[in-house]
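Take a look at this one chain, the form predicted alone, written out in structure tokens.
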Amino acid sequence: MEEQAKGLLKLINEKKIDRNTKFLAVASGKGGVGKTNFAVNFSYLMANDFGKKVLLIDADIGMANVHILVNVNTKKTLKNILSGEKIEDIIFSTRGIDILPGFSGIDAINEVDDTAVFRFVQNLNDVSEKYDYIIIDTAAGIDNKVISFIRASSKTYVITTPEPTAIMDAYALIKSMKKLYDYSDFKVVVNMVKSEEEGLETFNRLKSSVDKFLGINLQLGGVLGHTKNIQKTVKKKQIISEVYPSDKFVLQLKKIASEELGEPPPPVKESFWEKVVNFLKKE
């Protein structure tokens, strides 16, 4: 039985997955680098500031938390789809984004086999025509489930931080996809930086290794500075792009979205509370 499973998995890995130009994967070599926060805010800006129809999929099987960040409780999740239910019956809408929620639990990863994920990825093409972009928040690290989502995407944003372990794990992710599937459509986003210089230095270190050992001309997606407003909004289950639209982190993220879409960034908005604070400063 075990040999049969290995043989089936080998076939899945060898079988071609057509990349969909609407699919953008968000990945990281390790947890704790702000991957999901990036995916949620990136989706929010593309939908609300650029007027795109966006589906955000929480594919972080076992550690799903997109629904927590947007403060929505949901009974049905990606697990129901993998069990045979229709995608349309699971998707919910909030803040201008359509979201396909994931599921969590200690045994969650083992409960879902790779063949079910593979079939789901293939079937995503059926709903893709309804959207301008489908953004897939994958699990940290790399396994066959993560690989399936990345392989289906025309581009993958790899989120890292200046920490040496984060850079090393980001390199390992890129190396695995290049060696196994000749996939090289990556854009790196350096998150939680103290300065733009630190972000560029981090990217150049990673780029140098990738260029030298993998032959990939790695692209910089952007640099995102550390801001206390992220911690505030996460605790309150808010989206920083909605509550603090003129925060530097949001403006930097808006540039990344603008470059992805090939459209100029819209005018900067201010939230109600930002307007109040700025008004008081003038007094």
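Since this is a predicted model, take the numbers as computed values, not measurements. For every residue, the number given is its place in the sequence shown, counted from 1.
Absent from the display: the form predicted in complex with a small molecule. The rest refers to it.
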query: Residue (of 222, 245, 62, 34) lying close to the small molecule in the model of the complex, criterion heavy atoms within 4.5 Å; finding: 34
query: Contact assignment for the small molecule in the model of the complex, among 218, 70, 256, 230, heavy atom within 4.5 Å; finding: 230
query: 4.5 Å heavy atom contact with the small molecule in the model of the complex for all of 43, 52 and 133; finding: no
query: Partner-facing stretch of 148-156, 187-195, 163-171, 73-81, counted where any non-hydrogen atom is within 4.5 angstroms of the small molecule in the model of the complex; finding: 187-195
query: The small molecule contact at residue 226 in the model of the complex, heavy atom, 4.5 Å; finding: yes
